[in-house]
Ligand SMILES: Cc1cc2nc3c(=O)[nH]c(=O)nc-3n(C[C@H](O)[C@H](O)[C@H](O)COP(=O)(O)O)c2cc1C
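As a starting point, one isolated chain is supplied in structure tokens, in the form predicted on its own.
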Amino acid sequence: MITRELDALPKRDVYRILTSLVIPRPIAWISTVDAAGRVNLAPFSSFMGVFGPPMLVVTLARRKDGSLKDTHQNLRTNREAVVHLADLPLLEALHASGAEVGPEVSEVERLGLVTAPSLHVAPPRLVAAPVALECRLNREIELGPASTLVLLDVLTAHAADHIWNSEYDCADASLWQPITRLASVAGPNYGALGQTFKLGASELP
């Protein structure tokens, strides 16, 4: 058994170790709009759902100079976002949207992604994404000088027809392959949901 005391390690080493162990990580592909109405799109893999009340939690890191990234700045300005979950056909576009570009550049336009108006928020949703969750900023929790925990209230959920189980009125994980983030030290840095299993009732939520 390999043991590492994280409080004795540099921040970069801690990040490398934890992201290699806590896997797979879902990816929040977030669209926001800036004060000029330009659409920003970026992926974030420090992300999870909270299911009562319906919320999403995302960690937004700052740039090396300490300034806010576009997604964070837009959330502070407009307090609205759409969080998408992508599947394998969207992997290249999702990866490309993580490139550092100026705030005047819309990743949606640069990548030729088609959008549709949201019902309750200003940022549009991606037509090709199997899942789109319209959200409003609930609060921010500063985790230190380099990152902020953002809590988003989920207002509306959109799901593609092909992932939906009409009998249970919810998405079926066996019907699609959501992209996940893996460690990038060695080997692939993405994965996708593969084989699924059905067992009896348990105490897990």
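The first residue of the sequence shown is number 1, and the count goes up from there. These numbers were taken from a predicted model, which means no experiment stands behind them.
There is also a form predicted in complex with this ligand; it is not shown, and the following applies to it.
Comment: 53-61 is the region of 132-140, 53-61, 166-174, 150-158 lying near this ligand in the predicted complex, near meaning a non-hydrogen atom within 4.5 Å.
Within this chain, residue 69 lines the site of this ligand in the predicted complex, having a heavy atom no more than 4.5 Å away.
In the predicted complex, this ligand sits beyond 4.5 Å of every heavy atom of residue 33.
Of the heavy atoms in residue 87, none are within 4.5 Å of this ligand in the predicted complex. Using a 4.5 angstroms limit between non-hydrogen atoms, residue 104 is distant from this ligand in the predicted complex. For the candidate spot formed by 27, 45 and 99, every residue has a non-hydrogen atom within 4.5 angstroms of this ligand in the predicted complex.
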